[in-house]
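Shown next as structure tokens: one chain only, the form predicted on its own.
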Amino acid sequence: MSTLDPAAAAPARPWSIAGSPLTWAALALLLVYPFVASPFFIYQVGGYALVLGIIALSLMFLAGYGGMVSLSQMSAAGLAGYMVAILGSNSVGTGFDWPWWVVVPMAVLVGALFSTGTGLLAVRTAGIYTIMITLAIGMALFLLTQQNYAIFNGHSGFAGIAAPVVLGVDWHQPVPFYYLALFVAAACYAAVLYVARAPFGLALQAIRDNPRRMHALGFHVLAHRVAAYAFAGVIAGLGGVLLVWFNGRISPGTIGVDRMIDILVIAIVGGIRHPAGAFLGAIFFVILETFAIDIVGAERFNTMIGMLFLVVVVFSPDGLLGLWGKARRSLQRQELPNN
């Protein structure tokens, strides 16, 4: 099976991992992480990985449960981030200065609408054609933001985008931002698992496996796929809001083709069979991005990422989650003779 063809990528029982002891142990570890880590690791590693994981989760939902590999999820997130800069305040002084509790829903809505529009154009295609159409849409948005100065401030983008202070808590500080990102990530993770078990999610997975049969049974195949893009757009929009608060700025480079590919790499390396893979891949990617440059240099970083990507997908097409599954099954087989 091709790595980019998630025709059978989704698990049959998504709640089985959600309620496992390993999941609760991971959640406990994430909760206590700020108490044992330095501010740098809390913010630059933990917080950033959670943000990228949220955006990759939107891609995982489309690819794993819908069989649609979209490269425009970073674009939806970036557009939501631009809305935070435009509707809020920025250093250019062109923002509308709306309060954050108005800006955030509007930004997420714009990201969802962009993703829905992408779905309307892409749902009639499959495989490599879906990838190319969503890549073209993402590149179109990138060029628009780079060349438009009236709305997007061109190549420079926007800086000075401050995270809000709520009840005296500055969400830009490492610990508050980490817990905010963790809360949003947990909510999106739970929402994806719930939707996967809901009638809509089950129908979407059946459409992924056999769209002709589902159409014959009376299901509106295109409507389900477009709705999946809309749901994924909400998740990507939330990730985009957190991303612009994390960076304090946004520019066309945020949604360039390299960043779109990064989200795809994160989802595949982590494991596109389950939502947990998006966050596992994000942790793997952020650690490499943070520390590998000091070892191999910035000019060789992408080469190293590509090599590690090939190693993972060759030995485990299911990503790091697949490696964990193989190791667990191997240990179980070794324990059988002793029992």
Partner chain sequence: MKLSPLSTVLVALLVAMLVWLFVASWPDWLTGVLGAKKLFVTTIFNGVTLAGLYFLVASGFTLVFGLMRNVNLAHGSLYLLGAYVGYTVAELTGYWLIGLAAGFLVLSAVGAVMQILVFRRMEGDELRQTLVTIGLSIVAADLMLATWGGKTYQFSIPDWLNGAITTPIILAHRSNGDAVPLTYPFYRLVVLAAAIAIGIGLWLLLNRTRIGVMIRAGVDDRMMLSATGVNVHMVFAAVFAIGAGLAGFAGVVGGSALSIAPGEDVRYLLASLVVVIVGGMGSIPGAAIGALLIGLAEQIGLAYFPTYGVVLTFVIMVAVLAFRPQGIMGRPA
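Residue numbers count along the first chain shown, from 1. Predicted, not measured: the structure shown is a model, and the values here were computed from it.
Keep in mind the form predicted in complex with its partner chain is missing from the figure; the text below concerns it.
By the 4.5 Å heavy atom rule, the three marked residues Leu57, Ala223 and Val234 all fail to count as contacting its partner chain in the model of the complex. Taking Ile287, Leu27, Ala37, Met307 one by one, only a single residue has any non-hydrogen atom within 4.5 Å of its partner chain in the model of the complex, and it is Met307. The listed set Asn210, Ser156, Thr125, Thr94 contains one residue whose heavy atoms approach its partner chain in the model of the complex to within 4.5 Å, identified as Thr125. Residue heavy atoms within 4.5 Å of its partner chain in the model of the complex occur in exactly one stretch of 246-254, 168-176, 100-108, 145-153, and that stretch is 145-153.
In the model of the complex, Tyr129 approaches its partner chain with a heavy atom inside 4.5 Å. Although the partner is absent here, Leu50 is not a contact residue: none of its heavy atoms lies within 4.5 angstroms of its partner chain in the model of the complex. Residue contact check for Val69: one or more of its heavy atoms lie within 4.5 Å of its partner chain in the model of the complex. A residue is said to contact a partner when one of its heavy atoms sits within 4.5 Å of a partner heavy atom; Thr303 meets this definition for its partner chain in the model of the complex. Taking its partner chain as it sits in the model of the complex, the stretch 307-323 comes within 4.5 angstroms of it through a non-hydrogen atom at Met307, Phe309, Leu310, Val313, Val314, Phe315, Pro317.
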